[in-house]
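Here's a solo chain for you in structure tokens, the form predicted alone.
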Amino acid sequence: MHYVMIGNSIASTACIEAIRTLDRESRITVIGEENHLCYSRPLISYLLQGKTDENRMTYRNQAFYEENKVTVLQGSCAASIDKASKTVALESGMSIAYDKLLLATGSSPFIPPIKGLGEVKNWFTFLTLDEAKRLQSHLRPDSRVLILGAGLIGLKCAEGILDKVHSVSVVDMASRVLPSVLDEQCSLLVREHLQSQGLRFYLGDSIRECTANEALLESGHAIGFDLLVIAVGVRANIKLAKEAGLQTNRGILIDEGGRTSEPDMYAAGDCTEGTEMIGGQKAVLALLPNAYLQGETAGTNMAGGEASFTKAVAMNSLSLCGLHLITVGRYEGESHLIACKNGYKRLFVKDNHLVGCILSGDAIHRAGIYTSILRNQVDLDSLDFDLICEEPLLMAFAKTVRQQHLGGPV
């Protein structure tokens, strides 16, 4: 048996670990485009801040691959997949045969068409370690940085460089920051917090045209810059899968076991489109916890076990200049806005279940209880919901529910 994985990522790492719990001997080969071991991408902003280093960003060290008898082909790009002969062709000309294949091809930054972008000498994305290091090498105390995109990637980039440059301006065509993650009220709180740290925002606007060191916005504003970061979102890398004949939409379509539409071909992570647990709809959920659990599930099934991942849910946990945020699920149904002295808490209830929450500041305290209620689809009439809203304590749960989830005397 030869397991081959395209993509050296969190998903493929989890896949390796799952395979090795069932199969200690078969060959495993990982094809990775980057010249790094798998690392934690959410940490690249902390690398720029000097709060971590490359060693601590590494998700598993070299010994992990040696102990698990994994061959990692760093700096290698898969060019095509021949499902009839069960081979992967690399751009180098090499061909690798597989028995079971995992596609963990991740996602790539979306670069919108911007008139004059070709004249900009120093523009960057902020998704990979190499790109973050390239940006870092250009940072100067007098640098004026313009970031296009006020989403998660753009704001984490802003946080990482804010105290190393003269100014950071952020442009987004949405009318608020983190528009896909926060509601309007919490978004305003976050924006005010970031403005107090020195960030400048141009919201409800977009870049009409660039010259070498200036962006002309649709509103007519002109913003001078030395460095431009484009962070308007990502797209799932589905080209290989699509050309190989796998079913795709916005991502590679998978079932709850990580199986694609083709036998012996699995997929996991940001490149996939699986079933979201609350709405039951297919969705691309490019989130690290989902990637790990999808990879683990696919690995178990690739090695002959049986596993399914049925609790994929949108979830974000981050800190921006000291302000902590946690969001989970969908913002639909009945809204419960709970007053908080030093934070923001909004819960969403539908059909007797908690389906979403937005928490910031001190309200993130014991957020894991909200996440557990949501993921386990606990019936809200089985607990003291008013108490849960005010203070998420285990005693708010009925004894039978505590026994079910915690076990033993409660």
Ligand SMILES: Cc1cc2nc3c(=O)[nH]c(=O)nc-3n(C[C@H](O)[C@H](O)[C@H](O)COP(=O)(O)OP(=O)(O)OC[C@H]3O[C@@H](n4cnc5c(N)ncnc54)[C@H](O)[C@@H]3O)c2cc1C
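Residue indices: 1-based, along the sequence shown. Values in this document were obtained by computation on a predicted structure and should not be read as measured data.
One more form of this protein should be noted, the form predicted in complex with the ligand, which is absent from this view; the next part is about it.
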Every residue in K83, M94 and G245 with a non-hydrogen atom within 4.5 Å of the ligand in the predicted complex? no
Within a 4.5 Å heavy atom cut-off, is L337 in contact with the ligand in the predicted complex? no
Please determine whether I252 contacts the ligand in the predicted complex, using a 4.5 Å cut-off between heavy atoms. no
The ligand contact at A222 in the predicted complex, heavy atom, 4.5 Å: no
Proximity of D270 to the ligand in the predicted complex, heavy atoms at 4.5 Å: yes
Answer among 31-39, 62-70, 343-351, 371-379 for heavy atoms within 4.5 Å of the ligand in the predicted complex: the stretch 31-39
Counting non-hydrogen atoms within 4.5 angstroms of the ligand in the predicted complex, say which of G329, G106, G274, G160 makes the cut. G106
Assert contact residue (the ligand, in the predicted complex, non-hydrogen atom within 4.5 Å, options L117, L216, A174, C77) equals C77
Considering only 2-16, what residues come within 4.5 Å of the ligand in the predicted complex, judged by heavy atoms? I6, G7, N8, S9, I10, A11
